[in-house]
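The chain below stands alone, shown as structure tokens; this is the form predicted on its own.
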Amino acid sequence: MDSIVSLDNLTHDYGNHIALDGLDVKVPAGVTGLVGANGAGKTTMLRILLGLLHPTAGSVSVLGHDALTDPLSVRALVGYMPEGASLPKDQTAADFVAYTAQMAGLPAGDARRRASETLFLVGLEEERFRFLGDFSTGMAQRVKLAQAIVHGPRLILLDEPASGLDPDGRVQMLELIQRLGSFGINVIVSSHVLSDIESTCDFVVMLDAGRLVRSGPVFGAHATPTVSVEILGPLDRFTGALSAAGVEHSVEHTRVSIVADGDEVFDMIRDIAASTRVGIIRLERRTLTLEDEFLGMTDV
């Protein structure tokens, strides 16, 4: 397969509200971030991938299976961590995760063994016999993650897994997601916190009001290096010279962001400024983050 998830003109509406608007996306193997503001359509997209919602139009393929006509085959291969509270308070973590493993088809003995191993993996080995009603938000999120991976799925869908967590809990959850990726498990993680996606994911799908803004590799720790130049004088002469030289750049008011790395970029900027007879008010090196890109491509 070239992709683990393929969306073709995916559209879904709730009456007059269009939640997803003609999405064409191919998601590669690895850890993918699904980002957008609250209400952008992220949860709707995840539910369609699971076959829990049928889109108004378009087609959906998950791990080579049609999510609309063959949802059971999809769910057999996928783990899902919902966003909201969904745990039974009167069960222990061990009992609940073992139950979900049995629901996925594991024999009772194997289900209990896998539940214990999975709870150990998410850091709940000492708490696994406590009742879920006594768990903190962070512990509950780990149990939800455990039930999503206990049956060994090929793809895991995580809906806002760090929601409601304190800073330490958020870091620990992101580290768990990174570990899953290192094990070769495919993950799609939904979040409205772009820095979380940047530090965790290899690929990103950006949504804004149901529309696809961008899909492609994440900058992550290797964020795109840029040099920001504030110009005094005819801006079009300076940017025209950049374009003629084949230099990738963007413009905001009197500031030009040039995508480049290495110290030689400063010599180039000096020479172009001199040849176009413009002044330089400010010159600084910075990195273009997902947040910069998202804000530049949407009305947020």
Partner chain sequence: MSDAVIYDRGYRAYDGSVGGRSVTRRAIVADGVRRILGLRRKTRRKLLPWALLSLALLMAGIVIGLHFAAGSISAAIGEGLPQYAELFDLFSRLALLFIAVTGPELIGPDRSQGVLSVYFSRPMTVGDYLSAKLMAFVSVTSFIYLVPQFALHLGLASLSADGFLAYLGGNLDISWKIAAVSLAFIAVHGGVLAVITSHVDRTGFAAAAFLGTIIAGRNLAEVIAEASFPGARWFSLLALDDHPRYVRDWLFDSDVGGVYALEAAGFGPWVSVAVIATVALGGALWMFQRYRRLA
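Residue numbers count along the first chain shown, from 1. Just so you know, these numbers come straight off a predicted model, no measurement behind them.
Keep in mind the form predicted in complex with the partner chain is missing from the figure; the text below concerns it.
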{"item": "In the model of the complex, segment of 164-172, 186-194, 200-208, 88-96 with a heavy atom within 4.5 Å of the partner chain", "value": "88-96"}
{"item": "Touches the partner chain in the model of the complex: Leu176 (any heavy atom, 4.5 Å)", "value": "no"}
{"item": "4.5 Å heavy atom contact, Leu106 to the partner chain in the model of the complex", "value": "yes"}
{"item": "Any non-hydrogen atom of Gly123 within 4.5 angstroms of the partner chain in the model of the complex", "value": "no"}
{"item": "The partner chain contact in the model of the complex: Val150, any heavy atom under 4.5 Å", "value": "yes"}
{"item": "Heavy atom of each of Leu50, Leu72 and Pro82 within 4.5 Å of the partner chain in the model of the complex", "value": "yes"}
{"item": "Contacts with the partner chain in the model of the complex, stretch 115-137 (heavy atom within 4.5 Å)", "value": "Glu117, Phe120, Leu121, Phe131, Asp134"}
